[in-house]
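Quick setup: one chain, the form predicted on its own, written in structure tokens, and binding and motion questions come after.
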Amino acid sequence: MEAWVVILLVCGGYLVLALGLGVWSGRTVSKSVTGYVAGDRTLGTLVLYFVLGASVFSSFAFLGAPGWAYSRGAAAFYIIAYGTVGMVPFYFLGPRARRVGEELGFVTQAEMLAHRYDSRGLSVVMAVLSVVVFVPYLTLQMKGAGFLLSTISEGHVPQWLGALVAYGVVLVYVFASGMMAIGWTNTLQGIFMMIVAWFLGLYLPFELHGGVQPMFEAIAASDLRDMLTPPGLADDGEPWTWAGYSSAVIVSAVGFSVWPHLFMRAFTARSERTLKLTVVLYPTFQLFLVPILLIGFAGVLSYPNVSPADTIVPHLLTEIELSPLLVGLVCAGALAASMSSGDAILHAAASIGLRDGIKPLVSGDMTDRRQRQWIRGLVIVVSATAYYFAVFSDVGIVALLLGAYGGVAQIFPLIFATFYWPRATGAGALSGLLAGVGTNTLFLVTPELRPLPLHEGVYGFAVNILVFVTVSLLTTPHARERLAHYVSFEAERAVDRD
């Protein structure tokens, strides 16, 4: 039997395992929308840890990050830089959101914001924005799966078919079991991809260079030594500016904890303590990125000119003499990375599309059964849309993610003001969000208009805050009865008593 056939059989076995676990896990929760979207708010620390971690580290980490290390060198360190601080806001915002969600029955980020700012329009805009940034993120995952299966099969499985098979599995278990499928498959996938990452990250440098230190010494002594000088290289091969590097870190860190699919996990936690403990433990997931970047650096001198750079991991696996069974397990780990984010994104996009986009526009109440039907229908629609872009788009994996981060970062001022600025108003929130997203989009599609070489999200963020604050101060504040769910007036009352 040819090696590529063995590899595909191992990957196929993993897909069957993930499918079975995902469908089986749905039996433990209620048939309500809260059960489907938030797992009846029962997730414990272990499952929540892997849900949060695996939701973020995905094809971007397993394929995009090594691709950046391989093609842009030290530029890839921006991933570790923003990951170390990106979850800090969630420690403060997440438990507050969970408390409000339990009190008022919220299961999505936009539901909470729409209530806090008393704005149905904000709910719809948030839904549109969430789905729009989710599509490239989901496309990223599908591209990763397609790249992987096409490369390790030596072209026998075309990219379109690889993406279709892998995400056909994701579609089925998300459709069947919702949040609980994501929780338990992410736990399996997270453990699996950590083991695979450390194996590859240590094995490849020793196999190709005799160790990690000799690998970096060889790169430093070569014509490519500039790759090891921060902040690394830009897309055109020229040195990346510190302004571009720093702004990419800032935008990614700001947007990290307010990604709608990640922020929704606050509503799934069993308790506030569980959520806080998970966030405290979360930085250990950054250890997963260390070997991931070593994989990319391992191929710099040994296998130059691999294109696209995002395929360096499967390329190395096909060139190194490894047992086909072992290669199959490694590739299954890479598939796990893709699917562990893809399922969370797909589930969140469909849930938000219904709860925050369609439901506010429909007169009368929708039954739980009807809402579940709508969400499942949107699961299919969002999957098909992302699949189209995955097959026909040539945009790189990390570029897709950076573009999406600029848009999602515009949500942060609204979330922060929800709990810490009582004077914020719905008109201000909606105006700021639209201005920020519009500015981000303008500089994304016309980068030549940027006055400085900063990430487009920085410009959007600045305009967002300016408009948000200005309009809020010019409009009538909300009633205290509404704000009482979100902010405390105890300090103010103490001053009044004095």
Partner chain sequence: MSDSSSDVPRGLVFGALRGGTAPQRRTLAFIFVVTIAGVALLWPVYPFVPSIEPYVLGLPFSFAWVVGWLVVVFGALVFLYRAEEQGPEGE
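Remember, predicted model here, so these are calculated numbers, not experimental data. Positions refer to the first chain, counted from 1.
Just so it is clear, the following notes concern the form predicted in complex with the partner chain, a form of the same protein that is not shown.
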item	value
Touches the partner chain in the predicted complex: residue 336 (any heavy atom, 4.5 Å)	no
Interface membership of residue 281, the partner chain in the predicted complex, 4.5 Å heavy atom rule	yes
Interface membership of residue 392, the partner chain in the predicted complex, 4.5 Å heavy atom rule	no
Contact test in the predicted complex: residue 234 vs the partner chain, heavy atoms, 4.5 Å	no
Heavy atom contact within 4.5 Å of the partner chain in the predicted complex, the stretch among 271-279, 383-391, 131-139, 101-109	271-279
The single option of 17, 9, 23, 483 touching the partner chain in the predicted complex, heavy atom within 4.5 Å	483
Interface residue in the predicted complex among 199, 206, 160, 416, criterion: non-hydrogen atom within 4.5 angstroms of the partner chain	416
Heavy atom within 4.5 Å of the partner chain in the predicted complex - qualifying residues of 446-475	473
